[in-house]
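Below, in structure tokens: the form predicted alone, a single chain.
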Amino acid sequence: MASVLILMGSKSDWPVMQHAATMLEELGVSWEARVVSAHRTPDLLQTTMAEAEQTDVKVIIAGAGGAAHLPGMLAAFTCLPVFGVPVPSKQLKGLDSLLSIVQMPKGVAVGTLAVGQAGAANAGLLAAQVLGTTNPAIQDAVRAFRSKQRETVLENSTLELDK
């Protein structure tokens, strides 16, 4: 199994969650993605966490929309770090997902990222930063990513304005 396990409640969450996978790939981090529903397959959720703890998985990224119980339920079954990505919903545009994930009770930790694609990408970056604490190659990749971002900003820091 990969270093990072990306889980989502439904295949329809993939257009958002793929941004975590893209970031991980860019930083040279192995990942695997699966669909596990907190509501429809709670038994699969529990066995997936037991399996993850017995393999090379170091970080879980969980995307969920609506009631967004997936990240919290996963965290209840593992001591691995869980990062929750609120997936935008049709009704409330992800506010419901964000509020659900961010209100974890004391004693069950879930790191909550931004709603949508930015949150998914940052979850991948944060997972790489965690892995980089013990893997110099990943830490170097994160540093290179940051440097590239800085250079892009500097290249675009002056504006040619029409007079």
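All residue numbers refer to positions in the sequence shown, first residue = 1. Bear in mind that the values here come from a model prediction, so they are computed numbers and not experimental data.
The next section is about a form of this same protein that is not shown, the form predicted in complex with 5-O-phosphono-beta-D-ribofuranose (RP5).
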property: Accessibility of shown form to 5-O-phosphono-beta-D-ribofuranose (RP5) in the predicted bound form, site-C-alpha superposition, 2.4 Å backbone/C-beta rule; result: open
property: Interface membership of residue 59, 5-O-phosphono-beta-D-ribofuranose (RP5) in the predicted bound form, 4.5 Å heavy atom rule; result: no
property: Residue 29: touches 5-O-phosphono-beta-D-ribofuranose (RP5) in the predicted bound form, heavy atom cutoff 4.5 angstroms; result: no
property: Residue contact check: residue 119 to 5-O-phosphono-beta-D-ribofuranose (RP5) in the predicted bound form, 4.5 Å heavy atom; result: no
property: Interface membership of residue 64, 5-O-phosphono-beta-D-ribofuranose (RP5) in the predicted bound form, 4.5 Å heavy atom rule; result: yes
property: Option from 126 to 134, 47 to 55, 34 to 42, 103 to 111 whose residues, in the predicted bound form, bring a heavy atom within 4.5 Å of 5-O-phosphono-beta-D-ribofuranose (RP5); result: 34 to 42
property: Stretch 9 to 46 - residues with a heavy atom within 4.5 Å of 5-O-phosphono-beta-D-ribofuranose (RP5) in the predicted bound form; result: 9, 10, 12, 13, 39, 40
